[in-house]
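Okay, so here's just one chain, in structure tokens, the form predicted alone.
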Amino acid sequence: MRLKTREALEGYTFSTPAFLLLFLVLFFPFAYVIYISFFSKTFGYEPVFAGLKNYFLIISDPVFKYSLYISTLYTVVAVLFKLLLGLAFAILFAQEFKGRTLVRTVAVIPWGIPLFVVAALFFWFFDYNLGLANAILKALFGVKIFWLGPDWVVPSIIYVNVWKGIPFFMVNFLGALQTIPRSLYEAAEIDGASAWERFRHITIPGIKYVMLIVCLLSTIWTFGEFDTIFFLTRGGPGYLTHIVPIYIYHQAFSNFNVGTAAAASVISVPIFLALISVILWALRR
């Protein structure tokens, strides 16, 4: 047996269990979701074939259209702020200063806090009467804000997501920055390059691939986030924070129609992939 053929067979042999596990964990459930989306399925009852009825119901539902809009807005704005602030903190913490290790450790804490704990903390933080946010505003400007009311609820949930997600960006960017040789910066400085030019032509190219991966992962997690928003707002007030995962949850567990929930999931996939493609395209430029 030729060496290349034997190596290929060994590769297939060792990778087959992983592919089988991936199929069972990812592809099989997704295939079942597509299958059940063509049925009217209520918990405790047999599914009844409905054809494209579920898809027509979802597409014509204004709440679903709004859910797609608010999910996209929430994801794009949150990922953008995490990218900019994470990069800024990474550059700051890459510098030498007293107490740097302690500051780095404290800055990572938000990423390690469980989502339900984050929701509980910010439920108190945004409380109109007892919350720290309004206590600060009252002391400085003499005003209070309904942070989880109609006017401020969307910026509030974005703020929570950014606060928790910044350390993930910061740590990855900090690691990437430390792989860039200092000699490149020294040579550029000798040649008269400004700080902005060094950042643009050395720093950004040096962390470009890490930036792409981090933004891709963060987009996936942010678009699919459910816990924090659900614990804070339950998708309200009204439907203002009715992101796609909460919409699907209500279709399945409030309306008890698994078929429409599955159809909403299937419709969301190409839109989600398009959003990822746009973000990656923008970062590659």
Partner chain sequence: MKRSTSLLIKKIAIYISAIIVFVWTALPLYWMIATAFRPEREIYEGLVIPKQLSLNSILAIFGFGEEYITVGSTITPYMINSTYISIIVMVVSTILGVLGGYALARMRFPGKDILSSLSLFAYVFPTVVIMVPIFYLFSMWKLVNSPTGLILALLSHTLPYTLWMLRGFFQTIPVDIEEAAFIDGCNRIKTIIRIVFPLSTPGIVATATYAFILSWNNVLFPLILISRTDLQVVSIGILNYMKADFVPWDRLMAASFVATLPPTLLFFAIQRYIVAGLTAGAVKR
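In this text, rigid core is short for the largest set of C-alphas that superpose within 1.5 Å between two forms. Residue numbers count along the first chain shown, from 1. Predicted model, so just to flag it, every value in this text is computed and none were measured.
Omitted here: the form predicted in complex with the partner chain. The next part is about that form.
Peer 1: Considering non-hydrogen atoms and a 4.5 Å limit, which listed residue (Leu87, Val214, Val153, Ala78) is close to the partner chain in the predicted bound form?
Peer 2: When the partner chain is considered in the predicted bound form, the option within 4.5 Å is Val214.
Peer 1: Please identify the residue among Phe253, Tyr69, Phe56, Phe49 with any heavy atom within 4.5 Å of the partner chain in the predicted bound form.
Peer 2: Partner contact (heavy atom, 4.5 Å) among the options: Phe253.
Peer 1: So, Trp221, Ala261 and Val269: all three within 4.5 Å of the partner chain in the predicted bound form by heavy atoms, or not?
Peer 2: Yes, the whole candidate spot contacts the partner chain.
Peer 1: Counting only non-hydrogen atoms and a 4.5 angstroms cut-off, does Trp163 reach the partner chain in the predicted bound form?
Peer 2: Yes, Trp163 sits close enough to the partner chain in the predicted bound form that at least one of its heavy atoms falls within 4.5 Å.
Peer 1: Is Lys65 near the partner chain? Define near as a heavy atom within 4.5 Å, in the predicted bound form.
Peer 2: Although the partner chain is absent here, Lys65 would stay clear of it in the predicted bound form, with no heavy atoms inside 4.5 Å.
Peer 1: Quick one: is Phe122 in contact with the partner chain in the predicted bound form, heavy atoms, 4.5 Å cut-off?
Peer 2: Within the cut-off, so yes.
Peer 1: If we define contact as a non-hydrogen atom of the residue within 4.5 angstroms of the partner, is Gly235 a contact of the partner chain in the predicted bound form?
Peer 2: Close contact is absent here: in the predicted bound form, Gly235 is far from the partner chain, nothing within 4.5 Å, heavy atoms only.
Peer 1: What are the residues of 150-186, in order along the chain, with a heavy atom within 4.5 Å of the partner chain in the predicted bound form?
Peer 2: Result: Tyr159, Val162, Trp163, Ile166, Val171, Asn172, Thr179.
Peer 1: Using the core for the fit, does the CA position of Ala262 change by 2 Å or more between the shown form and the other one?
Peer 2: Shift of 2 Å or more: no.
Peer 1: Work out the direction of the Cα-Cα change for Thr75 and Leu273 in the predicted bound form: closer or farther than in this form? It's 3 angstroms or more.
Peer 2: Thr75 and Leu273 sit farther apart in the predicted bound form.
Peer 1: Your call: Val154 and Ser277 CA atoms, closer or farther in the predicted bound form versus the shown structure, by 3 Å or more?
Peer 2: Here the pair is closer than in the predicted bound form; there, farther apart.
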